[in-house]
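Below, in structure tokens: the form predicted alone, a single chain.
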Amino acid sequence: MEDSEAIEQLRLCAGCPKMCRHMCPTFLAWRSDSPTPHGRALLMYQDAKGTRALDERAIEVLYQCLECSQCLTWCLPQVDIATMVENERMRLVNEGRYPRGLDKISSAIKTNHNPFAEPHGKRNKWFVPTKTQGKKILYFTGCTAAYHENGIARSTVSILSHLGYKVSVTPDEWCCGSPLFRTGFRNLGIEQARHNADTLNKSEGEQIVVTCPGCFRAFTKDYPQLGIELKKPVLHISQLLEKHLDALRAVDFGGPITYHDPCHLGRHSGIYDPPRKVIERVSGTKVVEMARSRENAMCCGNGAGMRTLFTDQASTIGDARVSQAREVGAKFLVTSCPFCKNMLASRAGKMLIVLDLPEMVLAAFDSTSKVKM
């Protein structure tokens, strides 16, 4: 790291009283100062100044970061440690000094264009074309909804059809690149991005809708920063549904509903109100907010390679988030991210029903009375 401004930012962070560590999910998981914003800043600062090079343990600490950016919310000088960690990871990957547990993600995406090593030909197996003849819209499914959370994908297509859209998907969809950008495999991520841009720019849809905030951030932030242009507007499903609030049905869900803000949708993209407006329209009740919500929302624990490299600690973070939902008496925990839904549902047990936003909206469309789940 040679950027003098970045080095000064690291010095500020390394010398701070480090109160942000109390909000850092990885501090909760490890109960150590090392995997906290301050700890990571100190390691990068020492490496940049030539005091202490990054050894194997230091590299591990840099990969014990969710890049959720909650530390930035609490940082008065606005030191963006998550971005610095991401840039440092890119250097480590280029030097071949990254945790080898990430090879299964990068090789799976390179070979099958998804991080789960699923055959690419199965990507659209869930899709059933609709007969709607309205405005054409392209649904970019994203890897998690395509392979592990089909209910979200099917619900999305059904809702869009209800709203009068003619929905299409493309067999040429590849991983958006977000898992690669976050873990340092930027060059491979660029390959995925260029392919997707070419594919999407040639598609018939007038606009692109996504259900994955990782895809949304990649399309609206990562791609432009890389000089890769999408020539169609991109909307997250919550933004699109907000435009159709009057067309959504309201039913009794039979219990309090809380909402989990995905990091990529909230802190990284500034989208907080649209999903809440949709939830309140569909349920007819106010969202019961957790103690940590909106810009202070806690990460689910599933991002930036954490669940792949440190499964137990990722689960600890997911457990904590589920506990926060239970503390406010919620019966339903709704999110707007297939990745978050997958983690939170795996930790919720039977006392809490976890839904993604399209699943909740479809439940209302399919019922005119109290929703039973």
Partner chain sequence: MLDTRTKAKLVEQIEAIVGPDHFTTDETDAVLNAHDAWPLSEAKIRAGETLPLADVIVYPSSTEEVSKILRVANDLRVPVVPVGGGAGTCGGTQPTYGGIQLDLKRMDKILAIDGESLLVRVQAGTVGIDLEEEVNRHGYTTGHTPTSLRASNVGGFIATRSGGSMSSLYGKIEDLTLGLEVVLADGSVVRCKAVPRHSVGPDLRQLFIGSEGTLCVITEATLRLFPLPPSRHFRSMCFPDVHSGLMAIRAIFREGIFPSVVRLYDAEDTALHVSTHFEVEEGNCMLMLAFDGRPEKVDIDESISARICIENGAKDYGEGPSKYWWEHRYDMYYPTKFATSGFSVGDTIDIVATYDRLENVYHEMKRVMEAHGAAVMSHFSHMYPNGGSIYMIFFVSQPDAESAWATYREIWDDGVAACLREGGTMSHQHGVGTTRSTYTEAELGSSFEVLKKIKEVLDPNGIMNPGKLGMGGHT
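Keep in mind that this is a model prediction, so the values were computed, not measured. Numbering follows the first chain given and starts at 1.
There is another form of this protein, the form predicted in complex with the partner chain, and it is not shown here; the text below is about that form.
Annotated contacts: Phe27, Asp33 and Gly39 all touch the partner chain in the predicted bound form [non-hydrogen atom within 4.5 angstroms]. Among heavy atoms of Leu309, none comes within 4.5 Å of the partner chain in the predicted bound form. When contacts are judged by a 4.5 Å heavy atom cut-off, Ser323 does not count as touching the partner chain in the predicted bound form.
Although the partner is absent here, Thr316 is not a contact residue: none of its heavy atoms lies within 4.5 angstroms of the partner chain in the predicted bound form.
In the predicted bound form, at least one heavy atom of Glu8 sits within 4.5 Å of a heavy atom of the partner chain. The stretch from 343-351, 51-59, 300-308, 330-338 that comes within 4.5 Å of the partner chain in the predicted bound form, counting heavy atoms only, is 51-59. Trp74 is the sole member of Trp74, Phe127, Tyr272, Phe116 with a non-hydrogen atom within 4.5 Å of the partner chain in the predicted bound form.
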